[in-house]
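Consider the single chain below, provided in structure tokens and representing the form predicted on its own.
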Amino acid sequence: MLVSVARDITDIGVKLEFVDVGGGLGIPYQRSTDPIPTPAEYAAAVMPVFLDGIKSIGIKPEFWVEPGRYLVADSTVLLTRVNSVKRSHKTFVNVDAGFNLLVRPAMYDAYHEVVVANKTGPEYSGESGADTRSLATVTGPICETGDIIAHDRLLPPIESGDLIAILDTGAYGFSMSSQYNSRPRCAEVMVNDTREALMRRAETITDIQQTMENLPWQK
């Protein structure tokens, strides 16, 4: 399709310096089932089509691709604390991070793997004996029925205070976050081998209010 567009543009006299195919490499949000090509596999599938196409037109533009999600998605983990566990027709795990911090599950029905970060040993996975895991739905603290981070995940027994890690949040995570319901955004910490440092402090209610002005009739 892009070769066809390139041909039409060339026919009207535009000299193309590059052809940008946009995103091309995803990431395995579900690691056990998602087949994701390697860069070499992607190039082997795409480049012959591109090279044959531009040769037929008689042009030599560069080939551009934008693998942003592939580069940054798994660089970031969203850590959130369990506020409460509710057991009714199903188990709901309420955490202190909602769709104000990660809107992708609510907006796109996007899948992100979740891990109980303080319960990752073999005794919690069923590898060392009886499997104690059960289905649980992870929900946020915002008063919205759509504030669901993960539906029906097989997780170890969870209690208030546990730490949930939401994986692969580096692509369109913080950049799509908001102060919905006047909830400040969380801090960001950079980890480099054994070192860590605060790269963005957590917001406060003052940060949310500082752009507000008193109206003349309120003074």
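Residue indices: 1-based, along the sequence shown. Fair warning: this is a prediction, and the values are worked out from it, not measured in the lab.
Beyond the structure shown, there is the form predicted in complex with a small molecule, which is absent from this document and is the topic of what follows.
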Looking in the predicted complex, any heavy atom of Leu25 within 4.5 Å of the small molecule?
-> yes
Would you check, heavy atoms only and a 4.5 Å threshold, whether Arg185 touches the small molecule in the predicted complex?
-> no
Any non-hydrogen atom of Pro67 within 4.5 angstroms of the small molecule in the predicted complex | yes
Taking heavy atoms and a 4.5 Å cut-off, does Phe63 contact the small molecule in the predicted complex?
-> no
67-75, 133-141, 88-96, 117-125: which one contacts the small molecule in the predicted complex at 4.5 Å, heavy atom to heavy atom?
-> 67-75
Among the candidates Tyr42, Tyr180, Phe50, Tyr172, the residue which, in the predicted complex, approaches the small molecule to within 4.5 Å (heavy atoms) | Tyr172
